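The form predicted alone is given below as one chain in structure tokens.
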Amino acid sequence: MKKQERQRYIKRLLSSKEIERQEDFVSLLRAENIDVTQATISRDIKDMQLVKVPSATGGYHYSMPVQKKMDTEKKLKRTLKDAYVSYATQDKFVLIKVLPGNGPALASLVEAMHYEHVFGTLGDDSTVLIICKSLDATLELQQTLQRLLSDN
């Protein structure tokens, strides 16, 4: 498995679990049939700039760097503010219309946010199609979009 693919798995794990030790990453990835060593995980942690943050249970767990996510959300808000035209939903799909040239950037920013409820995105010149994991996920994404569009 390539490094980029493995790191995507690690990001997904971080969004769904509180991982306290490098060995936990190894076990969880091996459960997904991804053969890794603790040394590889250690390099990934450094490369991804993961940080340890306090857990509700009193320990510490790994997390994506807060600043990076905040910067991405800031860029997402700015792109929506500057280029948003309209959006519509149908079942598990959210279609966002933007000014020409902004679709690929918006699709990349949505992907970079690693929203739990998003299955994937497709972006062309002026349209972004976001595929959600469920109907409830579509509603969550709608609320997120409305919040991002209303925040100034």
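Residue numbers here begin at 1 and follow the sequence given. These numbers were taken from a predicted model, which means no experiment stands behind them. We call the rigid core whatever largest set of C-alpha positions still superposes within 1.5 Å between the two forms.
What comes next is about the form predicted in complex with the DNA, which does not appear here.
Visitor: Name the residue from K17, K133, K11, R21 that puts a heavy atom within 4.5 Å of the DNA in the model of the complex.
Guide: Looking at K17, K133, K11, R21 one by one, just R21 meets the 4.5 Å heavy-atom criterion.
Visitor: Only one of A31, A88, A56, A39 gets a heavy atom within 4.5 Å of the DNA in the model of the complex. Which one?
Guide: Comparing distances to the DNA in the model of the complex, the residue within 4.5 Å is A39.
Visitor: To test your reading of this chain, name the stretch in 109-117, 96-104, 57-65, 79-87 whose heavy atoms come within 4.5 Å of the DNA in the model of the complex.
Guide: Flagged stretch: 57-65.
Visitor: After core superposition, I'd like to know whether K97 moves between the shown form and the other one (criterion: C-alpha shift of 2 angstroms or more).
Guide: Superposed on the core, K97 moves its C-alpha less than 2 Å between the shown form and the other one.
Visitor: Would one find the Cα atoms of N33 and A137 closer or farther in the model of the complex than in this form, where their distance changes by 3 Å or more?
Guide: Those two alpha carbons end up farther apart in the model of the complex.
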